[in-house]
Ligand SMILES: Cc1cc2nc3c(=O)[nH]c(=O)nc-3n(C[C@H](O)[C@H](O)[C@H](O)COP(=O)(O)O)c2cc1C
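The chain below stands alone, shown as structure tokens; this is the form predicted alone.
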Amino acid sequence: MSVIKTISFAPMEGITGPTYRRVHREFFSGVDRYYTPFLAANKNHKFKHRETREFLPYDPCLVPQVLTGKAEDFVWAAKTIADAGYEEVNLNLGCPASTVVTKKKGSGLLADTYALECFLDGIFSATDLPKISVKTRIGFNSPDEAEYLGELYANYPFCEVVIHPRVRQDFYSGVTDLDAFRIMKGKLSCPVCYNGDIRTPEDAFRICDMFPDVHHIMIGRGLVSDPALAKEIRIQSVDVESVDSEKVDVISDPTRPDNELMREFVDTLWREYSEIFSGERDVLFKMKELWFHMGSMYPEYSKQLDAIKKCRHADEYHEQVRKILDR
């Protein structure tokens, strides 16, 4: 079995903000790095307050991610983030949202390879930047674009390339294209991270067995659905000696029953969100969004999960959560 040295939590807009990340790390081990949802760098060269909260105060386990279509704006953002103590900034070339793509940002930059090359030239001609990694798709329209994009990225000193093996048109549906991943990876000399459709420990081990030189996996929806997934991957890894002593200690520690841990996790999130948001309605919205993903762990509770979607008051919500987790 190949060694999984690093597990990262992929950014998910509206879900994996600073409160969620902090509470997740409090309850679940196994994640080495958390990536922020994208920080929008624009011509005003000023982050919004909610974006500043994503990376301040400094967090050594955090990698800030930046979205922009202008090299000068990325350079400003990267230097600002570096001034806050971060050694790495991640460039978002993967977001498939139409509101992003139409502005030639995120995966929208992949549609115009000349513009993308000029953009990267502008970034890497700057000095005094932190390390730059990139999160990319294998193409905009076709997996056939993976080879060219891999060759293009190889021309720049990225510290790492995170590859989500879908094209923009796929969004997050369909099967990941592992052949295109192999082709793009083969063009790169820097470390490569795999991202996409890891929902079980077996998924993680399968990817790393297929690509033995890939030791970093990034998980998004799989970890939101099962917050303990990274820990489960660590526990099931047969090569415990490859994991540093701190992680071995975590793996060896006895744990509380899963339902008890999950109950404390969601209750803590409720309390934390209640301190941030002005009203119960906003907290309910956040928790419903989480249960939309976490519900996949509890298929036998479809009635209660449906009730969570429809509930309008806190007491209704907590009643359904009790029915699911108090057993």
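We number the residues from 1 along the sequence you see. Treat the numbers as computed from the prediction; the structure is a model and nothing was measured.
Quick note: we don't show the form predicted in complex with the named molecule, though the next part is all about it.
The stretch from 140-148, 107-115, 177-185, 220-228 that comes within 4.5 Å of the named molecule in the predicted bound form, counting heavy atoms only, is 220-228.
Only one of Glu160, Asp73, Glu88, Asp197 lies close to the named molecule in the predicted bound form, with a heavy atom inside 4.5 Å, and it is Asp197. In terms of contact with the named molecule in the predicted bound form, the residue from Met12, Cys311, Val23, Leu305 that brings a heavy atom within 4.5 Å is Met12.
Highlighted residues Arg33, Ser133 and Pro191: none comes within 4.5 Å of the named molecule in the predicted bound form, counting any heavy atom.
Using a 4.5 Å cutoff between non-hydrogen atoms, Phe124 does not count as a contact of the named molecule in the predicted bound form.
Contact annotation: Pro37 falls within 4.5 Å of the named molecule in the predicted bound form, judged by heavy atom distances. Although the partner is absent from this view, Gln65 contacts the named molecule in the predicted bound form, with a non-hydrogen atom inside 4.5 angstroms. Within 4.5 Å of some heavy atom of the named molecule in the predicted bound form lies at least one heavy atom of Tyr172. Residues of 68-96 placing a heavy atom within 4.5 Å of the named molecule in the predicted bound form: Asn92 alone.
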